[in-house]
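Next comes just one chain, in structure tokens: the form predicted alone.
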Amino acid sequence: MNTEQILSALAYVIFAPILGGLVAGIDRKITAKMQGRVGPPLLQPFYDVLKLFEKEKVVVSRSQNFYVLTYLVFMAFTGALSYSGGDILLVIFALTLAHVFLVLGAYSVNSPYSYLGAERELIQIMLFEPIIILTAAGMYMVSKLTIEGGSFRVWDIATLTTPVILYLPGLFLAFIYVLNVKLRKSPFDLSTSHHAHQELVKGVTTEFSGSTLGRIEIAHWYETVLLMGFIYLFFGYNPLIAVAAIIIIYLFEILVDNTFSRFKWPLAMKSAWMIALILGLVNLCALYYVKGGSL
């Protein structure tokens, strides 16, 4: 890694939680406005996390702290790897591994609600991972148009002069469709939810409290910024358009979150695999044949 890549990785590790917390605060304010409420202060997510770290440490199982800390470390590592321009396949693998540690943390306690949340978290991994892998494959195919042999490196994809979105509209729609899985928003908030009207409010985080729960929230902030980076890759040819697209898409996800109720897991599975995967596979096949099978 060169100096620029190292600085990019450090910048992500330091500033991503700040940006992610601000995005969470903006999310709450907009959601409140949609529901006719005033809403909490913009910095409320930071106040909540600080309060969690001040609470007494209550541990159900000693191993759960280790799993959650590992989850946070891997989430920070995943984003640092992505923003430093590393291999996108390694980024996807690290992202999956991070969530596996969260699932192990939920399984480490003897609670039926925690177990149910862990099982649903595994379902969400199965919903999201095929789409993100297809997205990586599509970006590799597009990179072959300007880079000999193609590239899976995030930096190479982000700096392509070719508009990736024009070649991968189906994959883009598929990615947006399942984005709420990772943002933990309706209709895909299966394993945990911030909506109190649902029968499973905390799910995978039921038995976590205090600083442990605070670390999970910080990891979610890291992940939010990481996901915004994936959206950027579709519009990397023009940074201003990319930033505008990130804002518009996140606002759209907030609208969906406040409009739809949670899917049952069979419907979530069918819709993600049938609708999103069809969009993705058709897009890849069309791109391959339009280019005469040269990709």
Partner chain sequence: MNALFFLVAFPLIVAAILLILPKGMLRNHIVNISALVIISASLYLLATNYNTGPMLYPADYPWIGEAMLGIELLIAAYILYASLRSQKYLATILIILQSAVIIYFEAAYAPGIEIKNNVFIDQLSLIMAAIIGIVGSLICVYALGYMKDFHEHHKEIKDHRNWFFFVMFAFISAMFGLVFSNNLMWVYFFWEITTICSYLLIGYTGTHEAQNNAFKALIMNLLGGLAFAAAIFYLGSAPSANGIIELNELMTSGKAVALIPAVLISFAGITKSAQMPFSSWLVGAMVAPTPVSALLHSSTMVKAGVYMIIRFAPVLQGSLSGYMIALIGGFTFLLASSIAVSQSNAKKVLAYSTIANLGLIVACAGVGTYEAVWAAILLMVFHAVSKGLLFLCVGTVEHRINSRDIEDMGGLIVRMPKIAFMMLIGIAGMFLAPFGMLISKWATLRAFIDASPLVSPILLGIIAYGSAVTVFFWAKWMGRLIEVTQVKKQIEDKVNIEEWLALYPLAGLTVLLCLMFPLVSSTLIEPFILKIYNHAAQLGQDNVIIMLIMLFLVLVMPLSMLYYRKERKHLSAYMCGMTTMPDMRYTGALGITRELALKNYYMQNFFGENKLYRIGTALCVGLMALMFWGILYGEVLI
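Positions refer to the first chain, counted from 1. Predicted model only: the values in this text are computed from it and were never measured.
Keep in mind the form predicted together with its partner chain is missing from the figure; the text below concerns it.
J.: Taking the shortest heavy atom distance, is L284 within 4.5 Å of its partner chain in the predicted complex?
T.: Heavy-atom contact with its partner chain at 4.5 Å: present for L284.
J.: Does V58 make contact with its partner chain in the predicted complex, using a 4.5 Å heavy atom cut-off?
T.: Judged by the heavy-atom cut-off of 4.5 Å, V58 is in contact with its partner chain in the predicted complex.
J.: Any of the heavy atoms of N110 lying within 4.5 Å of its partner chain in the predicted complex?
T.: Residue-level check for N110: yes, a contact with its partner chain.
J.: Y250: heavy atom within 4.5 Å of its partner chain in the predicted complex?
T.: Contact with its partner chain, no.
J.: Just one of L134, A174, V154, V181 has a heavy atom within 4.5 angstroms of its partner chain in the predicted complex, so which one?
T.: When its partner chain is considered in the predicted complex, the option within 4.5 Å is L134.
J.: Go through 181 to 189, 218 to 226, 154 to 162, 70 to 78 and give me the stretch that gets within 4.5 Å of its partner chain in the predicted complex, heavy atoms only.
T.: Careful reading of the contacts points to 70 to 78.
J.: Quick one: L97, I125 and Y288 and its partner chain in the predicted complex, is every residue within 4.5 Å by at least one heavy atom?
T.: Contact check passed for all of L97, I125 and Y288.
J.: Let me know which residues along 83 to 106 have a heavy atom within 4.5 Å of its partner chain in the predicted complex, or say none if there are none.
T.: Read in sequence order, the residues that approach its partner chain (within 4.5 Å, in the predicted complex) are D87, L89, L90, F93, A94, T96, L97, V100, L104.
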